[in-house]
Every structure is written in C-alpha cells, then in structure tokens.
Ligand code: SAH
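So this first bit is one chain, no partners, the form predicted alone, shown in structure tokens.
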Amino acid sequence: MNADPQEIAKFSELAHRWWDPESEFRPLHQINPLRLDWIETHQRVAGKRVLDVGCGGGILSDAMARRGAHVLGIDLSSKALKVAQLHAMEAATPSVEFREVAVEALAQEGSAQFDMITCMEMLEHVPDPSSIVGACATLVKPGGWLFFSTLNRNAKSFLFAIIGAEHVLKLLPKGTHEYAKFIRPSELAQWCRSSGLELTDTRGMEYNPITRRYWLSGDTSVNYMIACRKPA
C-alpha cells in the first residue's frame, strides 16, 4: 500500500478536531474557499461526479457537495473518515459519501469513473506520489479535470512551511511536514505528463502572518496548485 503508517497515525490522532475552525486545521478551513473558487475557474463542480483523494475529515468534499457535486471522498484514516461521515450527517450535506480505500485500489476497480478529481495537501505525505498521480489519471474520464496541491521543495518553503508555520507561528503541529517529501512543480508536472495528462494552469498560495490572510498569486515557491486535463 502506498501509505506511511506514521502519517496516517499522525492525522488520526487529530481527527476529532478536523471541523474546529480554530484548531490545528484552521489553515485548511481558511484556504478551502480559495482553492475551490480556483477549481471552479476551470470547471464548475455542480452536477459533476467528483473524487476527493486524501479527503481527511471532508472539508473540501463537503464544500464541493454543497455546490452541487456528487462527491466520493477517500482516505486511509478510518478515524478521519468517521469524522467526515458524522459531519455530513449532522450538516445534512447532500450527495457526499466516503470510503476507506487507496486510490490505486479504486483505479483497479474501473477506469474513467469521475468527471473531476481533487488531491489537495496529500502528495507530500505518501512514499510514492507519482503512483497517486497515475491512479488519478486512470480514474478521470477523457476530457475530465484533475487538481493537485502540495509544497515546493526549496530553501524558502523549508523556512516558511516548516520553521515558520510549525515552529514560529504554530499554524500547524510540529512534524506535520517532512521537507524531503516536498515536491517541485517541475516534478509534479512531469508525473502528470507521464500519466497522459495535459498541464493547463499553476497557481501559488501566499500567507500574511500579520493580517492572517491567504491569497492566490503567481508565486509557486511555497504552496502551489496544478490543474490538469485528460485529453478527450
């Protein structure tokens, strides 16, 4: 299985706090509207069959479902998935379901199942991220869209994402990220092309610790997102 048991355990321990906007997951709550709006500049989610890979507690899955998508969120943390399912029940979120399954295993069940696939803040937590990209490419329908987000690997991202976010500003728990697993945009782009995907857009995300505000920009030196499309 393409998963790190320590990574799964790390997020499982925090699962009960996933939907607390003032918890360790505050950054995810803050950036969620930004990344979903960016996704919808490429493809509206309403009426689409969407797969959310590495969905965790379901923050993005829930938001896409509320905009009219039919969402399947998958993850390997049973605790996080239980939190996601409970929240969906309590909030009466329509058209969202969750499964504990690896994306590679889901791809073996059948190809071209989804109109759109999202994989956010997940690639930097697995042993073989290129395998995740390949499975996503198998699962998306011809003409469908895929959206990935991760962290760049350079001195600035080490300073901002680990030293700054985890140790100085304490936006994230210490040990959330491992620098060696960060991914350069060129590497992710190559995996996408090798999987038969067309790279269409790249976008960076920045943060101001004084105003505590996030925004999208052309600066991909730390956090960034990539949009791809599978040729029809």
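Each residue number is its position in the shown sequence, starting from 1. Quick caveat, the model's predicted, so the values are computed rather than measured.
Form predicted together with S-adenosyl-L-homocysteine: not shown, discussed below.
**Student:** Find out whether any non-hydrogen atom of residue 205 is located within 4.5 angstroms of S-adenosyl-L-homocysteine in the predicted bound form, and reply yes or no.
**Tutor:** Although S-adenosyl-L-homocysteine is absent here, residue 205 would stay clear of it in the predicted bound form, with no heavy atoms inside 4.5 Å.
**Student:** With the partner left out here, check for me: in the predicted bound form, does some heavy atom of residue 116 sit within 4.5 Å of S-adenosyl-L-homocysteine?
**Tutor:** No, residue 116 stays farther than 4.5 Å from S-adenosyl-L-homocysteine in the predicted bound form.
**Student:** Is residue 55 near S-adenosyl-L-homocysteine? Define near as a heavy atom within 4.5 Å, in the predicted bound form.
**Tutor:** The answer is yes: residue 55 has a heavy atom within 4.5 Å of S-adenosyl-L-homocysteine.
**Student:** May I ask you to check whether residue 77 falls inside a 4.5 Å heavy atom distance of S-adenosyl-L-homocysteine in the predicted bound form?
**Tutor:** Looking in the predicted bound form, residue contacts with S-adenosyl-L-homocysteine include residue 77, since a heavy atom lies within 4.5 Å.
**Student:** Only one of these stretches, 153-161, 134-142, 87-95, 118-126, has heavy atoms within 4.5 Å of S-adenosyl-L-homocysteine in the predicted bound form; which one is it?
**Tutor:** Residues of 118-126 come within 4.5 Å of the partner.
**Student:** Tell me, which of 199, 34, 171, 28 has a heavy atom within 4.5 angstroms of S-adenosyl-L-homocysteine in the predicted bound form?
**Tutor:** So the residue touching S-adenosyl-L-homocysteine in the predicted bound form, by this definition, is 28.
**Student:** Quick check on this chain: which one of 165, 59, 51, 183 has a heavy atom within 4.5 Å of S-adenosyl-L-homocysteine in the predicted bound form?
**Tutor:** Of the candidates 165, 59, 51, 183, 59 is the one lying within 4.5 Å of S-adenosyl-L-homocysteine in the predicted bound form.
**Student:** For the stretch 1-21, which residues lie within 4.5 Å of S-adenosyl-L-homocysteine in the predicted bound form by non-hydrogen atom distance?
**Tutor:** Contacting residues: 2, 3, 8, 11, 18.
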